[in-house]
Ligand SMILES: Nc1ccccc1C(=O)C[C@H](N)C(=O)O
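Below sits a lone chain in structure tokens, taken as the form predicted on its own.
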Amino acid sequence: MTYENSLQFARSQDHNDSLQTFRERFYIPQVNGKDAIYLCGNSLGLQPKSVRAALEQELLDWQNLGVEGHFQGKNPWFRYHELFSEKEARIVGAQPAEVIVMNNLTTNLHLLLVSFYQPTPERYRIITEAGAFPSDQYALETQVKFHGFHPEEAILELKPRPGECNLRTADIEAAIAENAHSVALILMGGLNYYTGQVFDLAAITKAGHAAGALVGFDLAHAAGNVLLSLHEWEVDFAVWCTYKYLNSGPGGVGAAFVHEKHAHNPDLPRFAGWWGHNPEERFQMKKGFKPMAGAAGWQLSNGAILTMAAHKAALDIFDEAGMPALRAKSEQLTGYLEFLIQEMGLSATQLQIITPAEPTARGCQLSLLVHQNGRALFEKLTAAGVILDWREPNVIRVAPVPLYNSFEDVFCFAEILRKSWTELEQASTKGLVAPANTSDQSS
């Protein structure tokens, strides 16, 4: 696509957008009585208008049926998790039996590490990316300690080359091969939350298996954002949340994937609960855990129906739009955002996009490394009605989401960014703003 820096161009793209009507199915936050420019779906997706009715349906069944809602409700709670199997599987490229909606992301990560991190004195290392989201860091640190190893020795964090912001796939593969004798698990984010880099999951999985290791991914920022084929790539396991790109509400329910080569193995170590037990025998209340087939066998307790109802409403919209169409629009929106930022003519010592330029290596997020007055710039953008997020020490993350963001959103953001930047430069020249310290985040 050939982009143009004009409001007319942005509106023409929106007019021709086959997904344009989906925006009307979400509530847009208001700032000063106007729709905000919401570019923070990478942190929390917007509320679908259908969520309220979905919640009210379950509240009515609870009100009118009480405990009988488990079997007589419109969506019986006893098998509520089954409502997600096919649609959730399409999001991540899995077989329906390989996915389960349950708990939250970090709980699911710990549960699957019980099964897939089984270190020995010879094979005990975990390979991950440096700067992973803190929950992943804490989960790995405590799992390693639980098994009697020291995190400094057992966890190998991969960093970009000096002067670079992103990991090279070849360097990841080389690190796995070099540690083939000691690595037990590769656990990485599908998309790095800070830089926005999408990792080559197929290549990493292949390299991990060649080294004799198991491979898992945290897809918090990848699920619903980029195209995934977990089954085909033979990823061993994955976890994700549903409140970012999947729009299922703050603290919403999590989900997990277990490849069928493992999901039907009842002898695989796991922590068990009664909701993962054979449903035909669940109410016999007998000893002896018999896991359900597939990923469902990792369930612990009965589902949190109200948060799952919100996810069901959001997932119905997502599935209607379809990942291929959403991904195609996402690439165009993100490309337009990149084009407009480059049109500002700023040098890399002023503002640097640290997210990869290749569309296949990024989702809909661009991370802007602001070398001077970054916090002041962020606050100006916020005051102007733009909702995005700040990551210390000096990164602004901008995420145009294809379900509800428009080309006009992106154009207007760029205009506000340009105006705010100019005003800060003028203020700095007059000594009204003290320049912030430059911080190099390339390593």
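Just count from 1 along the sequence shown to find any residue number. All values reported here derive from a predicted model rather than from experimental measurement.
The form predicted together with the named molecule exists for this protein as well; it is not shown, and the discussion that follows is about that form.
Between the options Gln57, Ser43, Thr382, Gln47, the residue in contact with the named molecule in the predicted complex by a heavy atom within 4.5 angstroms is Ser43. Though the named molecule is absent from this view, in the predicted complex it lies within 4.5 Å of a heavy atom of just one residue from Phe149, Phe199, Phe133, Phe78, which is Phe133. For the three marked residues, His221, Lys244 and Arg391, a heavy atom of each sits within 4.5 Å of the named molecule in the predicted complex. When contacts are judged by a 4.5 Å heavy atom cut-off, Phe318 does not count as touching the named molecule in the predicted complex. The named molecule in the predicted complex is not approached by Phe116, whose heavy atoms all lie more than 4.5 angstroms from it. When contacts are judged by a 4.5 Å heavy atom cut-off, Tyr193 counts as touching the named molecule in the predicted complex. Of the candidate stretches 391-399, 370-378, 412-420, 59-67, only 391-399 has residues with heavy atoms within 4.5 Å of the named molecule in the predicted complex.
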